[in-house]
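Read the single chain below, which is given as structure tokens and is the form predicted on its own.
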């Protein structure tokens, strides 16, 4: 293949939609070309021991890809969830692969990038899945205490829900696209437990403005807002790895204070639109329709206002 053809292939990969790409396509395009080495690859056939009991299909990687590679020349460990297999849900094997990667990161002092795409824990592996979430969170925090940065990327089809939302909150920093959604409880879960009057899961506009990437960026739930291209996620990962905060007591105290301030300021708001107005956005209803460039500028301005207020 000529140098020009190779360059064209790389450009095409970086321009592809993160939302539409598979987990393997995201990994291949995100990392420096040819640098990815997979751990527990397809040839190992490490599949869930539980799914056959329910006559459910298995996948050769159990929906979790882990390995190492280079990002802008720097060595990293990487994990990516396949949202198109059981909604990227956590089970025993799926979770164990991420736990192992984070434990390796702690020992090797190597940063980690996690491409989240999950609806939470598999109901068919509920106990094993819940245990996996706890083990992952512990491994992640132990890695961060060892000065290892763990960066989360959210923009896949399944979003980042349930235990995935908890894990994302433990990361050093997050990048999110408009298509990304982050929440512990999904729309259907909230509606089932609290009623449609509390939250209408069929109201897609409500779901996106409550849990979507734009709202998470405006309230400080993600450090960088990106557009829906692999190139944008790659640039964000590189930037966040260079400046993610260390896990210290001072950082935790500051984060707790930020969350208390946020609750005091917006705790009585019934809708994200109310929050956006309090943030000083005069035409709050226009936010969902803003282009990437318009919203990125708005997010930077809101962040500056919040910092100045402190």
Partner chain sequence: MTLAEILASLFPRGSSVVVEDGLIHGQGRRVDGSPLHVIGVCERSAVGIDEAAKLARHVLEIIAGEDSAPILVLIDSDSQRMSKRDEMLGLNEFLAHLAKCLILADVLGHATIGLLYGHTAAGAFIATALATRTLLALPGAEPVVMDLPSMARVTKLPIETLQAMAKTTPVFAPGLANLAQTGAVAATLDPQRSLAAQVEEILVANAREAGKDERDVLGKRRNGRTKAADIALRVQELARAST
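Positions refer to the first chain, counted from 1. If you're wondering where the values come from, they're calculated on a predicted model, not measured in any experiment.
This protein has a second form, the form predicted in complex with the partner chain, left out of what is shown; the following refers to that one.
A heavy atom within 4.5 Å of the partner chain in the model of the complex is found for exactly one of 189, 238, 224, 231: 189. Distance criterion of 4.5 Å from any heavy atom to the partner chain in the model of the complex singles out 131 from the list 131, 71, 218, 158. A residue is said to contact a partner when one of its heavy atoms sits within 4.5 Å of a partner heavy atom; residue 280 fails this definition for the partner chain in the model of the complex, lying far away. Residue 32 falls outside the set of residues with a heavy atom inside 4.5 Å of the partner chain in the model of the complex. At the 4.5 Å threshold, heavy atoms of residue 49 reach the partner chain in the model of the complex. Interface residue remark: residue 246 is not counted as part of the site for the partner chain in the model of the complex, having no heavy atom within 4.5 Å. Of the residues in 196-220, those that come within 4.5 Å of the partner chain in the model of the complex through at least one heavy atom are, in sequence order, 198, 199, 206, 210, 211, 215, 216, 219, 220.
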